[in-house]
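Single chain ahead, written as structure tokens, the form predicted alone.
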């Protein structure tokens, strides 16, 4: 059967528990049966509005980050004078003190980064506004910078706030903001972009990875764009425009001429049709499907429809997402249960759907990194590739052990079991299920945890597991069932 290419809304009577679960999986990190029922009760239009217009949802109870703005503060003028004097005099003791100060600041910075990673993951797990975190994660991979290069956790946090502020607002605000963002400027060396010797890094990535995509500009456009961005620098934690380093001579970018600066450059990029299409391609990949290199015709059609909507709304993201999340295409059976969960989706989703304890947050951050997704540290300026790159023999083993750890508290490298297994009672998952037969309860758990159908053989194996003893699904038997279901390949999809 052909996949629907329509962005027309699903009929209201077609929005049931399966569709609400799919919406929560993609516009967030999954949800409980109660949350699914709540969305069904709202109806399609109101459910989508509730998720997309998330600023109306109170999130004041979420943890507040502790971020020291001076964690990597520059030396004061007096300190710089002392350091220079020590170097001239060969005062090794004084030089060593400055070296120790730098090392201490770096150690403090690494600890602060760990705190910020845990703060963000905790928000993904607890937030009543899951789409906010899902969008910030998208923009973090789209406008990718990493702490390994920036070496300043506060700048990474400040960038996160920029992405968060405009996450469901206008893409144009994100684009204008990113060329003045100290983390991005440092990451792509734009502080070294001066009229005497232009640096092309930011101009190139602004066109290739942030707005237009490959093939929609020339090398000369990059060179001229770099000249427009000369003098865009930063000092300490703030953007700083170095007017004496800015090239004020005429430039020509994508057919537009003038004494162009960075903001002019961004405006020119936003006027290109390719820009809206490229942004919608990224939205589609994040929320709808892992697109192969040979893009399916149906995906291309939907992306172009989204792009027309994005241009018509002056780059406002929320209306495009509402149209997408209500569309027939989004709920097509070929789309549901077809997307590979990212490591963070797997972690946050397992906790949110099953209500497991969070366990050790630092271990969860390490596990996400081992599976290929470290917060504040995308692998490159291209961000995370996603899709099939999340899965290999090594990461699949970790994924399965991770779910077991969250359910039982048991780490795979420890022998035996402890009383920690008693701290999670999953029997609440079957509350309200009137039919208490093993078959009905197993089907209920599969429906909660698996986005699409599973082979009949897997269901038969689950039933055999329950019937090994008395056929009763109590706490210990349900824990075993959850471990078996989360070990299925289908659990890696949403």
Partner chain sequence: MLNTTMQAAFTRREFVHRSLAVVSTAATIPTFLHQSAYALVDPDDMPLIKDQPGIPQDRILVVVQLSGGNDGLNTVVPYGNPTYHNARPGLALRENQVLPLDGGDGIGLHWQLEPLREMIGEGLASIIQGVGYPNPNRSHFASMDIYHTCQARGGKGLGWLGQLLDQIDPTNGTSLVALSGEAPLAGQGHKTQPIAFENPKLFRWIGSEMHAALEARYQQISRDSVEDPNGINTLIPQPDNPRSFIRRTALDAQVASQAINEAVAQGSVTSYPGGQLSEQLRMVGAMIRAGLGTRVFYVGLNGFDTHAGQAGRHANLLRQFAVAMQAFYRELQAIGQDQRVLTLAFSEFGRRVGQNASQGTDHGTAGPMFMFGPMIRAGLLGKHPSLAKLDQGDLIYNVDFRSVYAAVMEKWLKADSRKVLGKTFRPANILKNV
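Here the structure is a predicted model, which means the values were calculated and not measured. Numbering follows the first chain given and starts at 1.
The discussion below concerns the form predicted in complex with the partner chain, not included here.
- Of the stretches 251-259, 238-246, 120-128, 98-106, only 98-106 has residues with a heavy atom within 4.5 Å of the partner chain in the predicted complex.
- With a 4.5 Å cutoff on heavy atoms, residue 469 counts as touching the partner chain in the predicted complex.
- Looking at residue 465, you'd find a heavy atom of it within 4.5 angstroms of the partner chain in the predicted complex.
- The closest heavy atom approach of residue 7 to the partner chain in the predicted complex falls outside 4.5 Å.
- Contact check for residue 458: a heavy atom falls within 4.5 Å of the partner chain in the predicted complex.
- Annotated contacts: 3, 284 and 492 all touch the partner chain in the predicted complex [non-hydrogen atom within 4.5 angstroms].
- None of 72, 336, 354, 270 but one reaches within 4.5 angstroms of the partner chain in the predicted complex through a heavy atom, and that residue is 336.
- Of the residues given (360, 264, 173, 290), 290 alone sits with a heavy atom within 4.5 Å of the partner chain in the predicted complex.
- In the predicted complex, not one residue of 6-30 has a heavy atom within 4.5 Å of the partner chain.
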